[in-house]
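So this first bit is one chain, no partners, the form predicted alone, shown in structure tokens.
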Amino acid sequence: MKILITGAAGFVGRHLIDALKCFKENEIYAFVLNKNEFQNVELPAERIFQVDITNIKNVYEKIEIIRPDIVYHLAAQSSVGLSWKNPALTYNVNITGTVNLLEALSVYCNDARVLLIGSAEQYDVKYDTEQPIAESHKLVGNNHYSVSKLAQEAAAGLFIKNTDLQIIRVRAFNHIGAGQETKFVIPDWCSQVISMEKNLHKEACLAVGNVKVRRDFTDVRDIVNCYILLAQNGVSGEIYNVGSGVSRSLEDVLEIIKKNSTRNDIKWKVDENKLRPTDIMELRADVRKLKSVTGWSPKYSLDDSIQWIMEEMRK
């Protein structure tokens, strides 16, 4: 089975490779953006390709060589914050890059199965009573990132109708774990605390944004196992929420980080610069549809994930 992972050097990609290696029949290939990322992908060098997915010629050349059976499309600009700072990059990577990939696949391996990753940010959530969020929930573009994912999903719908590609679309809720970039909130806070532990003279005060928001956090090790099950058992054309089905506030997260710190004087204060122009107060996944086709459920708790993140950072 030939498997291609785009964005393979990223946070989820690295963990997905580790999970897929457990199956000896898998022949895993990777797309990375630049040569510096080769060292972050634990695969034979001949199976790693430097590809800019916004360059259609580049994508065509590599897909013609690999001709994968299954594609995990993880390459994306996935930061909401960065999407406000650089909308053009977000749209180019998330929309044009995805269309380039699907077009190349439809030419060279038109029966491939593709797992396409969207986001819970696509949902229009205004009231707490709307939780948990089912796949049928109203959609909206609250930021440039969510708009790009809405367009990506819609474009994929046209490929589903007009080609033989088997495309399974995911709306992923927040996932966390060791190796995630500090541009995301939990590794950012953990990193700040680890720095405070190393420098006891440093004030033990975290700069935070809105800590009242609630999010559905899932450990990345659970996420990649779910993705594997969906790539195998998901129905082409269908959309699946991927999350734990439980929401926790960022205040809860801070308390867990504090509990796992070697310092007992950790506190926090709101930094106005970290507040977003718009913020959804709660996002919690209705995962009944997902469980009906995969039987999946998470193994790791939020406490497990944060402890893992902090232990790896200390190393």
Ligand code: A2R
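Predicted model, so just to flag it, every value in this text is computed and none were measured. Start at 1 with the first residue shown and count on from there.
Below, we refer to the form predicted together with the ligand, which is not included among the displayed structures.
Interface residue among V93, I168, V193, A112 relative to the ligand in the predicted complex, by the heavy atom within 4.5 Å criterion: V93. Out of the listed residues I53, I28, V287, I63, I53 is the one that sits within 4.5 Å of the ligand in the predicted complex by at least one heavy atom. Contact with the ligand in the predicted complex holds for all three of A75, I117 and K149, each having a heavy atom within 4.5 Å. For the chain shown alone, V12 is a contact residue for the ligand in the predicted complex, at least one non-hydrogen atom being within 4.5 angstroms. In the predicted complex, no heavy atom of L250 sits within 4.5 Å of the ligand. In the predicted complex, none of the heavy atoms of W189 sits within 4.5 Å of a heavy atom of the ligand. Put simply, V41 is far from the ligand in the predicted complex: not one heavy atom of it is within 4.5 Å.
Of the stretches 141-149, 194-202, 158-166, 104-112, only 141-149 has residues with a heavy atom within 4.5 Å of the ligand in the predicted complex.
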